[in-house]
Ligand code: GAL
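Here we start with a single chain on its own, the form predicted on its own, put down as structure tokens.
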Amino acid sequence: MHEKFLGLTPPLGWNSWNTFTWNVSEQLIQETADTMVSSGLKDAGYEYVVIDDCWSLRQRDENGFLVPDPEKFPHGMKAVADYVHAKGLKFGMYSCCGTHTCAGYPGSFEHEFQDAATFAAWGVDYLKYDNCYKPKHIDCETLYKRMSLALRNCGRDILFSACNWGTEDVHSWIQGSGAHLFRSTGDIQDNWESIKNLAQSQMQKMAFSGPFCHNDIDMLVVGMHGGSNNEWIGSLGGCTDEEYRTHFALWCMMNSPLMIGCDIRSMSDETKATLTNPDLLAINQDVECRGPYRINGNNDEQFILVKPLSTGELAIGLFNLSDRRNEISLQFWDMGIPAAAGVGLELYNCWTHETEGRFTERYAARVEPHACMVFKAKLVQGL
């Protein structure tokens, strides 16, 4: 209990909701765990396999305990957790701070300590805790502190993902609650407008994230291509691979947890290459977890994010969220590098995995619509 580094960097894993919503099962979780290992996702750092809503019966038992749906999970949750653990992975589940979950199953309101003990007994390593059907006379802060306290005293290390959708100024109090993640947005959809809107909503919140308490911009839709069984999530038919790359780069630069939402059993080579990009994952997992700062571009659709890394390098992302190709110019002076200092930057391209060159004073590039360029920049002398 009390793993020293639990939540030090943003968690990486997979969640069932975006593609499967209510259609979860023991077989799905086992096959996903198998694929996490065989596809190389585990080796890339993804470790959590998380069941979202709709896993239980509609009523608690006579003693008030949650009951897994025996048709979906015929061997119970402990057996599922054991299977996931045997693969060298970690197991996650879902509940809600209200009387019911968002899909109408029993929530953990006034059952927090009982449910935390149940999750611990089942071998749960991660709890996503939603915000539906919360009694109006109780504030969100109290309920998330209550479940955090229950989890921290349940006898098992359980990463706590506070999914309250950014309501009630969550960023101003969530760190004190003990949660390891906090949702700062509404739900993502598998379309470009949703990705763009969520990213733009974070420009004033990037400073509220750090080690042990990470700003969660919601799960990834990379590789879904409209494949959700929920019409609202996949209403516009998905994104291009280029748009998914930009989505992934934004989430990595902003230190968001990376919870895969596609069906990894059938993911394409392009999807796998995006999700396992070692340079972008290293940016996301940098141990200092420093939030990026923004250098304004022409408008809110064209901007630069710069993130200091523990190595002394800078991660630099040039993002063009607009519908036409644009030149984005990075002025080194804006990063504290004056021309008179006699230093410049060596830029390593995180997509091509090649060194772009050495530059002084500025770097400019034509960036395609809905695309991005991401670099690791090393300070060099004598230029």
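Each residue number is its position in the shown sequence, starting from 1. Fair warning: this is a prediction, and the values are worked out from it, not measured in the lab.
The same protein has a further form, the form predicted together with beta-D-galactopyranose, not shown here; the description that follows concerns it.
A heavy atom within 4.5 Å of beta-D-galactopyranose in the predicted bound form is found for one listed residue only; from H180, H247, R183, K307, this is R183.
When you look in the predicted bound form, the only residue of M203, A282, A207, A103 with a non-hydrogen atom within 4.5 Å of beta-D-galactopyranose is A103. At a distance threshold of 4.5 angstroms between non-hydrogen atoms, H214 is out of contact with beta-D-galactopyranose in the predicted bound form. beta-D-galactopyranose in the predicted bound form comes within 4.5 Å of no heavy atom belonging to D115. A residue is said to contact a partner when one of its heavy atoms sits within 4.5 Å of a partner heavy atom; E270 fails this definition for beta-D-galactopyranose in the predicted bound form, lying far away. E47 falls outside the set of residues with a heavy atom inside 4.5 Å of beta-D-galactopyranose in the predicted bound form. Only one segment in the set 52 to 60, 328 to 336, 313 to 321, 24 to 32 has residues whose heavy atoms sit within 4.5 Å of beta-D-galactopyranose in the predicted bound form; it is 52 to 60. Contacts between 146 to 165 and beta-D-galactopyranose, taken as any heavy atom within 4.5 Å in the predicted bound form, involve C163, W165.
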